[in-house]
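In the block that follows, a single chain appears as C-alpha cells, in the form predicted alone.
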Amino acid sequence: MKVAFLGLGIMGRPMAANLAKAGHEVTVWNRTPGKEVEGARTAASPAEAAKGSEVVWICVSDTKAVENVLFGAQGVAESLASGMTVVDSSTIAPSATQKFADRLRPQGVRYVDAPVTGSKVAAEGGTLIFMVGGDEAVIDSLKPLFAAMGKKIFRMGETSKGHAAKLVMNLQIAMIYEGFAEALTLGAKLGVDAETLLPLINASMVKSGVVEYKAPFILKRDFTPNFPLRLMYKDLRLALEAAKEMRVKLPGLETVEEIYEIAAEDGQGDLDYAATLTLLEKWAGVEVKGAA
C-alpha cells in the first residue's frame, strides 16, 4: 500500500521502518528535518507526503500537532482525496479526534484513531498493541499495515474510542507504576532493598506487566526514555480533561498528575516516566538500591 507516515519520534520512526520492511511504499515526513527511514522516501511537508497516498498515518506529540499536520500550512488536507484514509496513532483528546474526523468527512476521507501501547521496544520489534476506533470495514482494509507494526488490534468502537481507550490505559499504567515506586521507596527506607522485594512482588497478586517491564531499568538506574515523562504527563492531563468533560471525579489520578507536574518542573521531562521514582527518593532521603 502507498502510505504517508508523518512523525518520526521514538515510536513513529520504527513504525515507519517496519512498514517499509514489509514492502509497503512509504513516504515519511518529520517536523524536525534530518530524520530518515531506510527504504522510505522523505517529503518536505505533510501535503507532499500525503499526495497520491492511500493511507496517511500520523504519530506526533499532541492534539495541536495533529491539527497542524492536518490543517496547517502545507498540511495533509491540501492533498486529501475521496477514498483516502487518515490514521492517527498519536495520543490526543478524544473530543478533538471526533472534530478532526467531522472536518474531513465531507471530502470523502475515512478517519481512524489507532493509538498504541507497548513502548519503544515493541515499536522496534513490530509487536505493538493497537486500540482502534473507526468503521470496522475500514479497519479491516488496514490490517496489512497493522500486521507490519503490531501483534494485536482491539477495536474499541467508532471513531475517537481508540483514543478514549488509550487515556484509560495510560491512567492505569501511571497509577500502577506510582504504587510500585512508592512501595520501593518505603521499602528502601525500612531497609528492604528492591532486589529482595521484587521476587515477592512477582510471586504474588501484586505482579503486573508494568512492574515486570520497568523493574530491570530501575535496578540499573536507567531512565533513558522509552516513554518520556513529559508525554505521560500530557496524557494524564488529557485524561483529567476528558473526565472533567464527562463530569467524572478521578482523585487518585489528580494526585499522581501533581507528582508528574513537579517532576517535569524538576527537569525530568525528557527522561522516562519511571524517573518519578527519583522524586520520591529525594523526598524520602533514600535511594532504591539496584544492581551494582
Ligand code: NAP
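One-based numbering along the sequence shown. None of these values were measured; they are calculated from a predicted model.
What follows is about the form predicted in complex with this ligand, which we do not show.
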Margin query: Counting any non-hydrogen atom inside 4.5 Å, which residue from Lys120, Arg155, Lys151, Lys99 sits next to this ligand in the model of the complex?
Written below: Lys120
Next item on the list: Could you work out which of Ala93, Ala215, Ile139, Val116 is the residue within 4.5 angstroms of this ligand in the model of the complex, going by heavy atoms?
Entry: Val116
Next item on the list: Spot the stretch among 65-73, 245-253, 48-56, 260-268 with residues whose non-hydrogen atoms come within 4.5 Å of this ligand in the model of the complex.
Entry: 65-73
Notebook entry, point to check: Looking at this ligand in the model of the complex, do all three of Phe227, Leu231 and Asp235 come within 4.5 Å of it through at least one heavy atom?
Noted result: yes
Checklist line | Exercise: Asn30 in contact with this ligand in the model of the complex, heavy atom 4.5 Å | finding: yes
Next item on the list: Report whether the minimum heavy atom distance between Thr42 and this ligand in the model of the complex is within 4.5 Å.
Entry: no
Next item on the list: Flag Val288 as yes or no: does it have a non-hydrogen atom within 4.5 angstroms of any non-hydrogen atom of this ligand in the model of the complex?
Entry: no
Checklist line | Residue contact check: Ala284 to this ligand in the model of the complex, 4.5 Å heavy atom | finding: no
Notebook entry, point to check: Using a 4.5 Å cut-off on heavy atoms, which residues of 165-184 contact this ligand in the model of the complex?
Noted result: Lys166
